[in-house]
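Below you'll find only one chain, the form predicted on its own, shown as structure tokens.
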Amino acid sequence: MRIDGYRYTWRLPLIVWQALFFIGPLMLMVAMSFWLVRNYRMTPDFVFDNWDRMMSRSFFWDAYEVTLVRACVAAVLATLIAFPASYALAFKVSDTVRRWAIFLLVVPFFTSYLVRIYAWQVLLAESGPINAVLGFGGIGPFSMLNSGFGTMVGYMTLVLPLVIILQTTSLAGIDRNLIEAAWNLGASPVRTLFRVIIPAAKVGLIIGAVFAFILSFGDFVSPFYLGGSKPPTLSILIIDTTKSGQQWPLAAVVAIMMIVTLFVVAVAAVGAAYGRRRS
């Protein structure tokens, strides 16, 4: 077989990058999950003690359930909240307005995510501006910090601009002739939306939801600073585990379970997005 050197030369940087920054650390983490900690020092070994200890603990599965449910809720909320804005940017405004809107959606990423979360701490506090405004109407004050609501606000801060951008790009690429054909055949706007627009933009909608799930599933900042770490998520569990006697192998078990979950979700989402529609 003849090897195409030109093609593989251009692929080499990507292969090297993946090997150095993903495959290598992942293999080290998998190996570390079988090591032991003796006298606060890790000892290379090949035992299943760490897996048995973590998989048999109820607090791990409680944290796993909390993390999975919150990530699913964040993905659904981000998709539903973003769609009206994406629809308006794709079909109701000019190309110039759309480009400026996408630019403004990118602007929040110029600042640190942690700084934005600190700002939400001030806004959501019981004596903060939001409760002060609600107090004028005789409502509140509400305890929005150290709760699931605060965590979800942080998740939306992280993922919503990205989901809007992905949805807008997908919706703007729909062939307008399909929509006009649906109208000419007597389809109502609602029927056109669900039978033409959403199926045509399926890939963008699913990919946006998957990005929201992945970012929320692995986020540490929002559940820690806005959710109060109670109940803990898997990312917080990793921090707590490493602090208790340098238990890096136990933390590696949690991290591997997170990676496996994200891999399964990503593969299922890609299959749903690009799979052929059944007849």
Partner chain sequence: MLYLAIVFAFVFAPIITSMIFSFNSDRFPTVPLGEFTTHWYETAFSRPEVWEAMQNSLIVALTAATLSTALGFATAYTDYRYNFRFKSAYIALALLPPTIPLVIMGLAMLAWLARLGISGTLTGIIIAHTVMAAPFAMAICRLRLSQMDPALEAAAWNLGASQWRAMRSVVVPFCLPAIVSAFCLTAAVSFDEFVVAWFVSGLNKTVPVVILEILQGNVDPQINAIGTFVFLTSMTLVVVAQLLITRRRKA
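As the structure is a prediction and not an experimental result, all values here were calculated from the model. Positions refer to the first chain, counted from 1. Definition used throughout: the rigid core is the maximal C-alpha set that superposes within 1.5 Å between two forms.
In what follows, reference is made to the form predicted together with the partner chain, a form of this protein that is not presented.
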| item | value |
| --- | --- |
| Touches the partner chain in the predicted complex: Gly128 (any heavy atom, 4.5 Å) | yes |
| In the predicted complex, Leu20 touching the partner chain (heavy atom, 4.5 Å) | yes |
| Partner contact for Leu80 in the predicted complex: the partner chain, 4.5 angstroms, heavy atom | yes |
| 4.5 Å heavy atom contact, Phe194 to the partner chain in the predicted complex | no |
| The partner chain: the contacting residue among Ala31, Leu36, Leu68, Ile239 in the predicted complex [heavy atom, 4.5 Å] | Ile239 |
| Residues within stretch 101-131 having a non-hydrogen atom within 4.5 Å of the partner chain in the predicted complex | Ala101, Phe103, Leu104, Leu105, Val107, Pro108, Phe109, Phe110, Thr111, Ser112, Tyr113, Leu114, Val115, Arg116, Tyr118, Ala119, Trp120, Gln121, Val122, Leu123, Ser127, Gly128, Pro129 |
| Flag for Trp17, CA shift 2 Å or larger between the shown form and the other one after aligning core | yes |
